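First, one chain by itself: the form predicted on its own, in structure tokens.
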């Protein structure tokens, strides 16, 4: 089986790269072992929230030069400032093209509410989520925080406590919808997706609207867990038509309905451009000759090789087994690429759980074009993108989604340019 580009990994990086290339007319396929981290996404994308030294970042573009000085091996530093700015905007265009409606831009981070009541900075956030400006704060004085009786994946008390810091009068309301009664008897089933499945039925959603209409007349806005809209934002748009005040969502603890939506939109967009998706498959082996990947073998295809002009490794980090840690070593399991990590295992972690953990910055080595390196030699047709890369801490620096999107688009742009297929998107 032959392709123009074969992508290993069906998460944010893999799908973004695939969408760009498939739109250019490339014969493109993605090999995906299973659920990616997208399914746990909060509905927000972070570009850069903090510098490596811990300094908070409000304006990512303005902070770029300092970032490059502090972390020359950061994927952003390898891209360069001009590419960083251009690809940030291109990522926003890609999400819009996939009908993922977000608010925000790369000039200024905004703030969003989390499921645990924390206020966190973000680059882009799905428009139905509760967000506000870091400069002006919340524009509402009276907010109703609504949840479902017995639902454990959202803590309204924590959200109310967080809102006190913004001079907000927050009241908590518990809904006891009859349609959810059987879910309450099994905590493992009382999750956001299960609730959304029931509320997707018109009569149940109508009952929710009645309950909310009795609450919203006494407040300026409603905040509730993201348990509405099974497959899209249609029901949230109905809130806009039904109420003259905002009804905003806060992501729940995983599994995430917002993350599920994002994944589905990206997945269907890739397929609509003619891409093929090998779901539930994984790459087991590869043949490399003359510093070039000739073919790979997957679990589902047995001894039938897959070959492509270009290979993109977007297999994720430790969570997705794109990197594997053993006693005394960390390795990349498919190609055996060189990995940057501290050889002294005692230095992999910090005793204080809340401190930045050094192992988060371990990852595959690449050249400035993000081509993988094996035994100190560049593999000329193997590109590496997303969280399998080293040189950054996605949690403490708040840049995980940004690294995935920007490196994926950078790789796709190089491949398309090399093949002579590139067609600049209309802004």
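Residue numbers count along the first chain shown, from 1. A quick note: this is a predicted structure, and the numbers were derived from the prediction, not measured.
Separately, the form predicted together with a small molecule exists; it is not shown, and the next lines address it.
Visitor: Is the small molecule in the model of the complex near all of 56, 353 and 359, within 4.5 Å of a heavy atom of each?
Guide: The answer is no: none of the three residues contacts the partner (heavy atom, 4.5 Å cut-off).
Visitor: Just one of 227-235, 89-97, 278-286, 195-203 has residues with a heavy atom within 4.5 Å of the small molecule in the model of the complex, so point it out.
Guide: Selected range: 278-286.
Visitor: To verify the annotation, which of these, 26, 29, 381, 32, has a non-hydrogen atom within 4.5 Å of the small molecule in the model of the complex?
Guide: Spelling it out, the residue with a heavy atom inside the cut-off is 32.
Visitor: Taking any heavy atom pair closer than or equal to 4.5 Å as contact, tell me whether residue 316 reaches the small molecule in the model of the complex.
Guide: The answer is yes: residue 316 has a heavy atom within 4.5 Å of the small molecule.
Visitor: Is it the case that residue 125, even though its partner is missing from this view, gets within 4.5 Å of the small molecule in the model of the complex, heavy atoms only?
Guide: No, no contact at 4.5 Å.
Visitor: Would you check, heavy atoms only and a 4.5 Å threshold, whether residue 400 touches the small molecule in the model of the complex?
Guide: Heavy-atom contact with the small molecule at 4.5 Å: present for residue 400.
Visitor: Within a 4.5 Å heavy atom cut-off, is residue 36 in contact with the small molecule in the model of the complex?
Guide: Looking in the model of the complex, residue contacts with the small molecule include residue 36, since a heavy atom lies within 4.5 Å.
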